[in-house]
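Okay, here we've got a single chain as structure tokens, the form predicted on its own, with questions on binding and movement later.
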Amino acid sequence: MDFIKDFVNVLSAGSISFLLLTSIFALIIYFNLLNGRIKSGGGIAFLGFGILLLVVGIFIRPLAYLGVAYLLILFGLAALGGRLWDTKVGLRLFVVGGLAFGLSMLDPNFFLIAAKPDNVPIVAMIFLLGFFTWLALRKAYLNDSQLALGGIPWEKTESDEKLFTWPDLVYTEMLCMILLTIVMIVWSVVLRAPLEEAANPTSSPNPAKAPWYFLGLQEMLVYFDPWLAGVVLPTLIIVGLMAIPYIDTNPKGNGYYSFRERKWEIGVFLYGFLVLWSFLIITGTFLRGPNWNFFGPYEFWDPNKLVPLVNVDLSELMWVKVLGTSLPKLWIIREIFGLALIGAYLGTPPVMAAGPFRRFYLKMGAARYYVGAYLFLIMMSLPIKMVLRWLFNLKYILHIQEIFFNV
């Protein structure tokens, strides 16, 4: 049991858990939604990545743990294929997840965090998020299978059915109201309200955490300056959500569940919501402890834990460590590498429009293509910056301290 706990603690580290979650996302899409095979080109590529993790894990031990977990999940998902969306398989997965959570509650460190009144609803939301994501993708897979055989989506078979507001809808709503009232009463009796003492300016909590719905933004502050993490990126998230109906003009998949007809649209959205945003909230809630250090779910939150990190800027990394010289005093020369890197990153949409994404450019038109492409690049800047921080302790790609502009 201790070995399993240590294994999970290693996999829960920020860099490892993010890579594992991203890999699981890609594996589910390929093997379980698109019916890929392990003997195909894509399957061999996924298998090769797992072997690479094991080889590199010889020198970097956490990657060996990641490689083992990755290969186990790969073979499991490849063996299930489309059966992942069967009701019996889904029920078994839910039961296994519930049993694993129940056994984990026997660990005092896990129980202390998961049973905290503030965190109980978040635990419930994790199960609900997993269930409803599975349910939506199940309906999409069944509809895609039906459409591949020349049939029609399941939703169109019930378009002529009508229900009365009374008694059908009102009766259902009344039952939900009664059930929810019972749940809230039991909740209020069993769990103490998460109220704390009056604010004391001489005693700050460690760690000081925002409410759960702001923990994603608080986690982003680790990787970006406040003006980016607290203002620019949240604004662009809202603008991006508003722009989706105008960017996505694909007429297929409207009014019914489907993945194959909207692979890119659904894939990008689910990656941004599940792998990025939900990951940040879960990390900030359960894995960030005193001094904002990473802790595994079965690890004691030691306030004296010290993690020796020396954050460096890209300019310092290139001029001092690579070229072996001092930093130039003129900022435009000092930050030439950061400017070039950001310029190349922002210059990829025109290059991709003339190459592999040519069909998207022709289909969407210039305006929609460039708006969507740059919103996507801004979204992907978050995982890129996270990985750079984890691998190289990179703080800023562009650090112009003379005008307080940092990226």
Partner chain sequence: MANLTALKDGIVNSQVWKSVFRVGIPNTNRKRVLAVLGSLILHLHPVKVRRSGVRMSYTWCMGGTSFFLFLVETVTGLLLMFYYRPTIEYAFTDIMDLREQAPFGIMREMHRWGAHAMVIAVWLHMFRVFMTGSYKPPREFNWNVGVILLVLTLLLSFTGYLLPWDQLAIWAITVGSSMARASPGAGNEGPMSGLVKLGDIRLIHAGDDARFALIGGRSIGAATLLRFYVLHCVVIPLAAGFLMAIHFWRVRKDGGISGPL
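Take the two forms, superpose them, and find the largest set of C-alpha atoms that agree within 1.5 Å; that set is the rigid core. Numbering follows the first chain given and starts at 1. Predicted, not measured: the structure shown is a model, and the values here were computed from it.
The same protein also has a form predicted in complex with the partner chain, omitted here; what follows describes it.
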>> Considering non-hydrogen atoms and a 4.5 Å limit, which listed residue (L317, I281, L77, V275) is close to the partner chain in the predicted complex?
In response: I281
> Can you pick the one in F94, W301, F111, W212 that has a heavy atom within 4.5 Å of the partner chain in the predicted complex?
Replying inline: W212
> Taking A208, P226 and Y246 as a possible spot, do all three reach the partner chain in the predicted complex with a heavy atom inside 4.5 Å?
Replying inline: yes
> Though only this chain appears here, would P297 touch the partner chain in the predicted complex if you measure heavy atom gaps against 4.5 Å?
Replying inline: no
>> Does any part of L191 reach within 4.5 Å of the partner chain in the predicted complex? Heavy atoms only, please.
In response: yes
>> Is it the case that G324, even though its partner is missing from this view, gets within 4.5 Å of the partner chain in the predicted complex, heavy atoms only?
In response: no
>> Within 4.5 Å, heavy atoms only: does K156 come near the partner chain in the predicted complex?
In response: yes
> For the chain shown here without its partner, which stretch in 97-105, 117-125, 331-339, 302-310 has non-hydrogen atoms within 4.5 angstroms of the partner chain in the predicted complex?
Replying inline: 117-125
>> Using a 4.5 Å cut-off on any heavy atom, which residues of 120-140 would contact the partner chain in the predicted complex?
In response: P121, M125, L128, L129, F132, T133, L135, A136, L137, K139
>> Does T181 shift between this form and the one not shown by 2 angstroms or more at the C-alpha, the core having been superposed?
In response: yes
>> Taking the rigid core as the reference frame, tell me whether V190 has a CA displacement of 2 angstroms or more between this form and the one not shown.
In response: yes
